[in-house]
Structure formats: structure tokens, C-alpha cells
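To begin, one chain is listed below as C-alpha cells, in the form predicted on its own.
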Amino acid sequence: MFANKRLGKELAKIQQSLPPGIDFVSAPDFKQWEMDIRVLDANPLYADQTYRLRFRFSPNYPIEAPEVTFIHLSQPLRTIPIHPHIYSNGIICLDLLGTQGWSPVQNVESVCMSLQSMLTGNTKNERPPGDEEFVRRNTQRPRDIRFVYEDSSV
């Protein structure tokens, strides 16, 4: 119930205005939303690209972080960005999305801005180490994965 109230307020704000490079796509209910993000600087890795994010909310939101993944679409074309903290299946290794880094003061907009910033600062055109093995073997939902956050350089 609290999640629905909070998400209703966030949705109303998002539909009024968003920072540059972030676009609202859909929110058919208070369980799943989609947003598009773009990198606005001159980073050649992400030039002219738009990426789709899927947010999944538990009834415990905002106490519990949303599950956020990049998704691939063919129409409109949306790929999964290549980044050392983004697996090829769209799962994102970011402390903000884990139990240690999440705070209820965060919201959909701030998560989008953090991901924009993460992409903006990246200079490595590579996937995380072990990407293929992780994608092949992982059966857990993103929120159940216990990442070890060691690399703060990207």
C-alpha cells in the first residue's frame, strides 16, 4: 500500500518534468515501469543511443530498491549498453541498486540519473569479467544477486 502511494507521487512528478536525456515510456501499473535514458555528453561509446530501463517494484518499495535492468528491443531499437558493470542480459552491478547502497530517499528519477552518470564516465568498451558465464548460469532475479563492489574506477 505504501509503495503504491509513493509510486503515485513519483509518477505524477515524472509526467510533469524530467531531467534532459530521461524519458518516461510506460507505467501500466505500480509493479513495472519503463524509462529511456540517453548519454548527453560526447562519449563516443554511447553517441546517438537510447537505452530502455525496466523497473520492477516490490510491495516494500521504497524501503527496498527496485529491480532495474536494461532491456533489448527491436522496435524501437534499444540495445544493452556495453559497460564493465552491465551484463549482456541487462543486469546492472551498481551498489545503489543493492541492499547496502539503497536508501528510501532515492527514486526512479535519481536511479536514471545515476545510470546516465555511470555511462557518461565510462571509457571502457567492455562487459564485466565473466559475462558469458554469468549470463549462461545465472537463474536469480537481479535483486537476489549478491555482487561484490570492488571497482569504483568506472
Partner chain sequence: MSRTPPNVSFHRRSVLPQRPEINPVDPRALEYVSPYDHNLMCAICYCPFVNAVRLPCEHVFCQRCINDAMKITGIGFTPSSLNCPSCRRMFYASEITSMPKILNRMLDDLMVTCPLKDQGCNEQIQRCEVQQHVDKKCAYSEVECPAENCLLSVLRKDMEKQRCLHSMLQCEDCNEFFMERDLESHRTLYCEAGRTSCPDCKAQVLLCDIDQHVESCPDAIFPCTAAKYGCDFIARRLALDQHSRTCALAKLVPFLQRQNERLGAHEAALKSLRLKNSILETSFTSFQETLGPSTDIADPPSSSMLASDSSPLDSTARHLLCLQESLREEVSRVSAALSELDARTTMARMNESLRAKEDISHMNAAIVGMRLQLHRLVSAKKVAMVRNQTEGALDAGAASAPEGPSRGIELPIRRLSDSSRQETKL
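Numbering follows the first chain given and starts at 1. Note that this is a predicted model, so its numbers are computed, not measured.
The discussion below concerns the form predicted together with the partner chain, not included here.
Residues E34, R56 and S114 are none of them found to lie within 4.5 Å of the partner chain in the predicted bound form, as judged by heavy atom distances. The stretch in contact with the partner chain in the predicted bound form, judged by heavy atoms within 4.5 Å, is 105-113, chosen from 36-44, 105-113, 121-129, 66-74. Taking the partner from the other structure, the partner chain in the predicted bound form has a heavy atom within 4.5 Å of a heavy atom of E10. At least one heavy atom of G101 is located within 4.5 Å of the partner chain in the predicted bound form. Taking the partner from elsewhere, N60 is found to have a heavy atom lying within 4.5 Å of the partner chain in the predicted bound form. Contact check for L96: a heavy atom falls within 4.5 Å of the partner chain in the predicted bound form.
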